[in-house]
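Presented below, as structure tokens, is a lone chain in the form predicted alone.
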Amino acid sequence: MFDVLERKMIVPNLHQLTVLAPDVAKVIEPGQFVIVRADGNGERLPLSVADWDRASGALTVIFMEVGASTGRLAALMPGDRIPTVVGPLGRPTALDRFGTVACIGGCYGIGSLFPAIRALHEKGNRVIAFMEARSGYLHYWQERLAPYCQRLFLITRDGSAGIKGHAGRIADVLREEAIVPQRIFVNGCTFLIYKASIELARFDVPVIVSLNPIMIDGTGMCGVCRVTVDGKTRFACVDGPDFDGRQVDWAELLKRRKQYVDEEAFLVHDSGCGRRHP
């Protein structure tokens, strides 16, 4: 069992969960993920790791409350215990001294991109970060990211904070600011990383995206997370989750992500998960 140290809603429907998992925290690297369960009968949820403390063993994830299983996670409080924190899973993000790097995060991807941004800065890169959201009140962790970024841009679709626009606006900003990235990293919902991959391909550099297909076991055994990259079948859990977004078959991935929409909606309404905490 794993002790819950903290669980709080940081913006509407987005939660920060910190658990005590020392065996994972001492070896986790940027880009890797864990699988958690809220209870013994709970669904296995793959979540990218947003931060860790190797000394104390604390491990932090950011997740969006969208269904019955994440609703159970969102009901956890300090002192609760959960049965499963499996990891680290997946391959670490390949990080080096590239020069100028553009890092784009949206939704839970802001948090899960934080370890890579910190590591890129420590390796001597010039980090240009973009935080994307529908509205300004959905931004978070600016104070954590800022020390590791030479420039930090806020982008909102309603124009309430920073630059008005979406992923397509980022390419314009880079060009207007005369920023020429040698590597691009994107993390967030599938639609964001898809749009960013298409729009930023014009820079002719790798656009590294963290894919989030449907996943069950996380060890390459079930094959549910298969994706097509550069014309070849890959498993996001063991071959990824990082891939070059310019090579991903996005039509296939977007279609497979919608495979269980009806079943997920039924579970939300039938779960009885009504307990909520601030």
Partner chain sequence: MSDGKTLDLERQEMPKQPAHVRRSNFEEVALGYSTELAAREARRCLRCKKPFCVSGCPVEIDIPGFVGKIAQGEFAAAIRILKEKNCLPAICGRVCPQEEQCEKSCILNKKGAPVAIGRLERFAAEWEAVQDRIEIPAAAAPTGKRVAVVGSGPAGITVAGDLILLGHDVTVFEALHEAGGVLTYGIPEFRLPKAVVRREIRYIQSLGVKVIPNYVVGKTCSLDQLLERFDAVFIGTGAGLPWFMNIPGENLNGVYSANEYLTRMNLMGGYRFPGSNTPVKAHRRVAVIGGGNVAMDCARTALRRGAEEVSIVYRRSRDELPARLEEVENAEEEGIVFRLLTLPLRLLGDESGWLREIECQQMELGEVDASGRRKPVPVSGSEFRIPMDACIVAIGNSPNPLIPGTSPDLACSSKGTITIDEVTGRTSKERVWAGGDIVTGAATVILAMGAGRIAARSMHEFLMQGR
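These numbers were taken from a predicted model, which means no experiment stands behind them. Residue numbers count along the first chain shown, from 1.
One more form of this protein, predicted together with its partner chain, exists but is not displayed; see below.
Review point. Candidate spot E29, V66 and Q247, all three in 4.5 Å heavy atom range of its partner chain in the model of the complex?
Key: Not one of the three qualifies.
Practice item. Could you confirm whether R91 comes within 4.5 Å of its partner chain in the model of the complex, counting heavy atoms only? Key: R91 belongs to the contact set for its partner chain.
**Study point:** Distance check, A55 to its partner chain in the model of the complex, heavy atom within 4.5 Å
**Key:** No, no contact at 4.5 Å.
Practice item. Classify G87 as contacting or not contacting its partner chain in the model of the complex by the rule of any non-hydrogen atom within 4.5 angstroms, answering yes or no. Key: Judged by the heavy-atom cut-off of 4.5 Å, G87 is in contact with its partner chain in the model of the complex.
Check your understanding: Would G159 count as a contact of its partner chain in the model of the complex, using a 4.5 angstroms cut-off between non-hydrogen atoms?
Key -> So G159 does not count as contacting its partner chain.
**Study point:** Sole residue of P147, G168, P83, G124 within 4.5 Å of its partner chain in the model of the complex, by heavy atom
**Key:** Only one option qualifies, and that one is P83.
Practice item. Sequence order please: the residues of 110 to 147 with a heavy atom within 4.5 Å of its partner chain in the model of the complex. Key: None of them.
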